[in-house]
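Given as C-alpha cells, the chain that follows is alone and in the form predicted alone.
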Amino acid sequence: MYNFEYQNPVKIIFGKGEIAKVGANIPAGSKVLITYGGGSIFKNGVYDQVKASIKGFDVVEFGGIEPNPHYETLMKAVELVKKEKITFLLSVGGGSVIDGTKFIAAAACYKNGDPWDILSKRALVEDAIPHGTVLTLPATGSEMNSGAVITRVETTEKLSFMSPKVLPLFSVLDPETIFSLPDKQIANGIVDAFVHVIEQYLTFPVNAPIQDRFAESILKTLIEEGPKVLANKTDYDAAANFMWSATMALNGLIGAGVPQDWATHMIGHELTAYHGIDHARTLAIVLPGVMHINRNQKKDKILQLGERVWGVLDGTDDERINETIKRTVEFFESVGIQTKLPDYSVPTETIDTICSRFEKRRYKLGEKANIGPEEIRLILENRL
C-alpha cells in the first residue's frame, strides 16, 4: 500500500425527512444563493422543503445549470454572487449542479486573472465561498469530494479541477428524492458510480486488501440494488443503498493508498464535449475498450474483479478476462445503457479529432501514464 493522507470533513445528513435540517447547518446571518438545474425540484417537492428549512435567511436563486454545467452559465452566477454579496451557496440537485456550484464558489473568489485558468491551467484555488448541498440524483459523489467537471461550450472542452477549498460544508442525502427520477437518470447514476469505483480499483495490486474489499462491496451493492431501484423507485431501502453507494464510490476512501486510472473519464469527457452524450454513457462506451487494450497491464485486477464480483472462475486467464469484460458490458446494457459508439451516432472522424486533441496536450493517461493517442485510438475503435 502506498503512503497517503486522507481527510474528509464533509458532514453527511442522511435519511428520510432530513432536508428539514438544511437551515440549521448554514452559518447564521449568511446571505444564501440557491443553485439548481432545470426545475425538477419544483415538481418533486424538494424546493418547498428547502425553502421551509431556510426560512429567515436572506435568499437569492440561480437556476438553469445544465447537465455537464457550462462555464458560460456559471460565470453569470459568479456575477450574481458578487453583485448580491453572497456569503453561502446551497446547491440543490445532482452532480452537475454541485460541480457547477463548486466552480462558482472558487471563481467568485479568484483574483489572479481568468477563472477558466482554474480548469485549463490548474491554477491554485486559494479561497472559495462556503457551500452545502442537497443531493437529488446519486451518481457523481460530488456531494462528498473536492472535484468538479465543467464544460466550456465555446471551445468544446470539458475539464476538471480539485481543491479542498470547495469541499461542501455539509450534504443532505434523502433517498426519497430518487422516487421521482426518470429511469434514464437512475441508470446513468448506477453506471457512473460503478465506473468511479473501477477507476480506483482496476489498476494493479499494491497489497491494499481493505481498499479492494471496500471497492468490491460497492460494486456488488450497485449490481444488486441498482436494478431494484429501476424496478421500483419507491423501494426506500434500495434507494438508500444506491444513494450511499454512489457517495462512497468517490469520497476518496477507496482510492487512498492505491494507484488510480481515470483514462476512461478523460476520454469520455471528449465524447461529451463533442457530441453531448451523457457522462455515464460515455463511460460505458470507453471502459470496455480500456479493459481490453490494457488487459495485460491490468491482468491481475481484472481476474480479481471477475472472481470476486462476477463469479468468473473457469477457463484460461484470457478467457476469464474476456468473460469479465463481457459481464461488465452486459450489466451496463441490462440497466438500459448502450455501450457502442454507433449506438450514439458518433462518426468515425470523431476518433481522429479526439486523438489529435490528446496529441496536442502532450500528456498520457492511465495508472502508468502510458495511454497516448495511439492507445486512445485502439480503445475507441474497439467500441465501433
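Sequential numbering from 1, following the sequence displayed. Please read these numbers as outputs of a predicted model, since none were measured by experiment.
Not on display, but discussed next: the form predicted together with ligand NZQ.
Peer 1: Exactly one stretch in 212-220, 172-180, 307-315, 73-81 has heavy atoms within 4.5 Å of ligand NZQ in the predicted bound form; which is it?
Peer 2: Looking at the other structure, the answer is 172-180.
Peer 1: Exactly one residue in Ser30, Asn322, Asn68, Ser53 has a non-hydrogen atom within 4.5 Å of ligand NZQ in the predicted bound form; which is it?
Peer 2: For this set of options, the contacting one is Asn68.
Peer 1: Which one of Pro288, Gly257, Gly147, Pro227 is close to ligand NZQ in the predicted bound form, taking close to mean a heavy atom within 4.5 Å?
Peer 2: Result of the distance check: Gly147.
Peer 1: Is ligand NZQ in the predicted bound form close enough to Asn25, His131 and Ser245 that every residue in that trio has a heavy atom within 4.5 angstroms of it?
Peer 2: So, no: the whole triplet misses ligand NZQ.
Peer 1: Mark Arg295 yes when one of its heavy atoms lies within 4.5 Å of a heavy atom of ligand NZQ in the predicted bound form, and no otherwise.
Peer 2: Arg295: no, not in contact with ligand NZQ in the predicted bound form.
Peer 1: Although ligand NZQ is absent from this view, report whether Thr350 comes within 4.5 Å of it in the predicted bound form, heavy atoms only.
Peer 2: The answer is no: Thr350 has no heavy atom within 4.5 Å of ligand NZQ.
Peer 1: Given that ligand NZQ is not shown alongside this chain, does Gly37 nevertheless sit within 4.5 Å of it in the predicted bound form, heavy atom to heavy atom?
Peer 2: Heavy-atom contact with ligand NZQ at 4.5 Å: present for Gly37.
Peer 1: Look up in the predicted bound form whether Thr87 has a non-hydrogen atom within 4.5 angstroms of ligand NZQ, and give yes or no.
Peer 2: Contact check for Thr87: no, nothing within 4.5 Å of ligand NZQ in the predicted bound form.
Peer 1: What are the residues of 118-152, in order along the chain, with a heavy atom within 4.5 Å of ligand NZQ in the predicted bound form?
Peer 2: If the 4.5 Å heavy-atom criterion is applied to ligand NZQ in the predicted bound form, 118-152 yields Thr136, Leu137, Ala139, Thr140, Ser142, Asn145, Gly147, Ala148, Val149.
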